[in-house]
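As a starting point, one isolated chain is supplied in structure tokens, in the form predicted alone.
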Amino acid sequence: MTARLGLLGLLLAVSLALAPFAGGLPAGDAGDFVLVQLRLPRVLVGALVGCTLALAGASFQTIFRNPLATPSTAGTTAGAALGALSAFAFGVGQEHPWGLVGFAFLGAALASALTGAAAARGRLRDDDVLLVGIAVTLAVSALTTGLQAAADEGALAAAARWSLGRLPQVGFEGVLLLAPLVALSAAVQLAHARPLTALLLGEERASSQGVAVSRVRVLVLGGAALGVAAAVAWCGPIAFVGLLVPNAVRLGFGGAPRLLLPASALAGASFLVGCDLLARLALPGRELPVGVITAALGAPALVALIVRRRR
């Protein structure tokens, strides 16, 4: 298994090395600018966002013991989006990135807390907890729509561009913003791989092994919410990464968190870099939002997972 993790790390390194040069570069100083100020930051932000979304998806699937659980179906992404759009409505857009992340984290944490509280009651089946998460997502999405309707034209236009889910960057501001938050988020989740393994056997069994179930749930969901909030605040909502990647990784690594979590992080980084490359090259002279690519791949995968789970 360690060798497989090494292969995923090698795949990520190759992706980061080759993606900035794909599609060619202009000659001279223009090529240097495109490479250093546009392509490299874009690829690094894609890797950071893909890493945090896939890792959060693996953590949510473990916490809720459901392969369909993700930040999107648990309400976390919708909460982060509501927080970020609130920041736009209050005039705290990407001119104030830390304020934007703060608003997004508040929304993500509150939405995650609602779903986590339902899971903590212990009276609901795993599928019922997921339905609670979907209900939270729908409610928060309704608030988001109302907020967009009430926003002024300038804020609405900025929010519309942001909501497409895009990775283009100019300079390394996004990398410097995301890197410490993604690192902190990943550290919290990876540090709890062992108690998460115990949770797979059920809360009562985990408690009998000395696991503080409530504390682990709060820390893991909070750590994941921080990473998701940072990613959503800076790049907009990018769907299905947290669903697709962990389920694909589980086929090769199994469901043990000590392998699933780091493998999902590495694979998610490579996956989103590849999706963004496809978005950049699919239409000559034009670019698709990367969220369009991930949605196109993720929607049929979701249907396949539901059918497989029912069987």
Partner chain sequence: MSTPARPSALAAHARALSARLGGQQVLCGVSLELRAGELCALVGCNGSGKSTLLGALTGRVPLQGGEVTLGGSPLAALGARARAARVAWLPQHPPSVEGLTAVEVVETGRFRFAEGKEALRREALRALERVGVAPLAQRRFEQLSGGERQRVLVASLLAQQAPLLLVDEAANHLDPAQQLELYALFGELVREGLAILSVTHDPSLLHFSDAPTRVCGLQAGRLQFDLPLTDPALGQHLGLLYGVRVESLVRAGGRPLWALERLP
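Not measured: the values here are computed from a predicted model. Numbering follows the first chain given and starts at 1.
Absent from the display: the form predicted in complex with its partner chain. The rest refers to it.
Asks: If the criterion is a non-hydrogen atom within 4.5 angstroms, does every one of L12, S15 and G174 touch its partner chain in the model of the complex?
Replies: No, none of the three is in contact.
Asks: Among 191-199, 231-239, 83-91, 175-183, mark the stretch whose residues have heavy atoms within 4.5 Å of its partner chain in the model of the complex.
Replies: It is the stretch 191-199.
Asks: When the contact criterion is heavy atoms within 4.5 Å, does V129 count as touching its partner chain in the model of the complex?
Replies: No.
Asks: So in the model of the complex, does G210 come within 4.5 Å of its partner chain, heavy atom to heavy atom?
Replies: Yes, G210 lies within 4.5 Å of its partner chain in the model of the complex.
Asks: Answer for A256 alone: is it within 4.5 Å of its partner chain in the model of the complex, judged on heavy atom distances?
Replies: Yes.
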